[in-house]
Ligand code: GLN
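Form predicted alone, single chain, as structure tokens, below.
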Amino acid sequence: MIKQDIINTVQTYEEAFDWGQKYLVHYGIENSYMEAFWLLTAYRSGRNDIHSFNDLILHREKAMTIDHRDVYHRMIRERARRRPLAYILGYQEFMGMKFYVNRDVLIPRQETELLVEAATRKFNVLDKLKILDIGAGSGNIGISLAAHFPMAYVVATDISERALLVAQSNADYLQKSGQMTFWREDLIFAMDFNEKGAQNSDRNRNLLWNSFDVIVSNPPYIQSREIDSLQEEVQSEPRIALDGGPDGLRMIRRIVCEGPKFLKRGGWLFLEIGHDQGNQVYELMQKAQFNSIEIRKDYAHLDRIAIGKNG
């Protein structure tokens, strides 16, 4: 049994790392070695000599501050209770950048990088694109596209005001705010545009019709009945960002059906989809008269990205 109070006897970085790793192993955390190390490096409030494994070797016998030890103890216990690592660290890496995350947003995943990469390969880097990012969350998709296309302008939308605050913070931190606008809205339909106190009207929404070169989205696509059987870590993330309705296609269906109204002729739709939704999404896009439709696989050779051209 790994006792929590043993941390009170820990003095050095090496002892703390050893305790943290064993504690996570005891509670079934698979990547315990790396996660114990990442949590050891996460302390920012005071002195922390550990930023790399070389530092851990060099300073292994050096005494930790009491505050650092206590913070590390708390973070290890939180992780053992299955709080997602990204929420404890406060960030997640995506496309080579660090994105601030909290419980108001979905944690960016490696598979979603395939969505960004698919979009970047369709255009030239200096194209003056207008991009609509539906369900922006942390802003990882829209900001990554803004970083790749310096002449592009991104309209990032989300129904959650708290999620938009996270996205705006990330855009500021990564210096992409000048290329972006953030709208609080229900996808692309009931636009409640709230920038600098302005309310969006039907007239303003109509001005957006046929104006985007790209629509990109990682919508909720998990079937409602499957949510409660997901890993505990995933269940800690916002349900609204996971729950795709009874068949998992509720939001995808709306985006595919309504998306052409907002795309220019020849504009492209890029969607992340569920691992078994390829055939259904392909048929939806055909009915919506998209052309050049592709369903691409992820690293595990499962359906993951749907692409279609408008008109």
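Fair warning: this is a prediction, and the values are worked out from it, not measured in the lab. Throughout, we count residues from 1 along the sequence that is shown.
We do not show the form predicted together with the ligand, though everything after this point is about it.
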item: Which of 73 to 81, 136 to 144, 175 to 183, 121 to 129 lines the interface with the ligand in the model of the complex (heavy atom within 4.5 Å); value: 136 to 144
item: Contact residue in the model of the complex, from Ala152, Leu106, Leu85, Leu164 (heavy atom within 4.5 Å of the ligand); value: Leu106
item: Gln92 within 4.5 Å of the ligand in the model of the complex, heavy atoms; value: no
item: The ligand contact at Ala171 in the model of the complex, heavy atom, 4.5 Å; value: no
item: Residue contact check: Val214 to the ligand in the model of the complex, 4.5 Å heavy atom; value: no
item: Joint contact, Asn210, Ala288 and Asn310 to the ligand in the model of the complex, by non-hydrogen atom at 4.5 Å; value: no
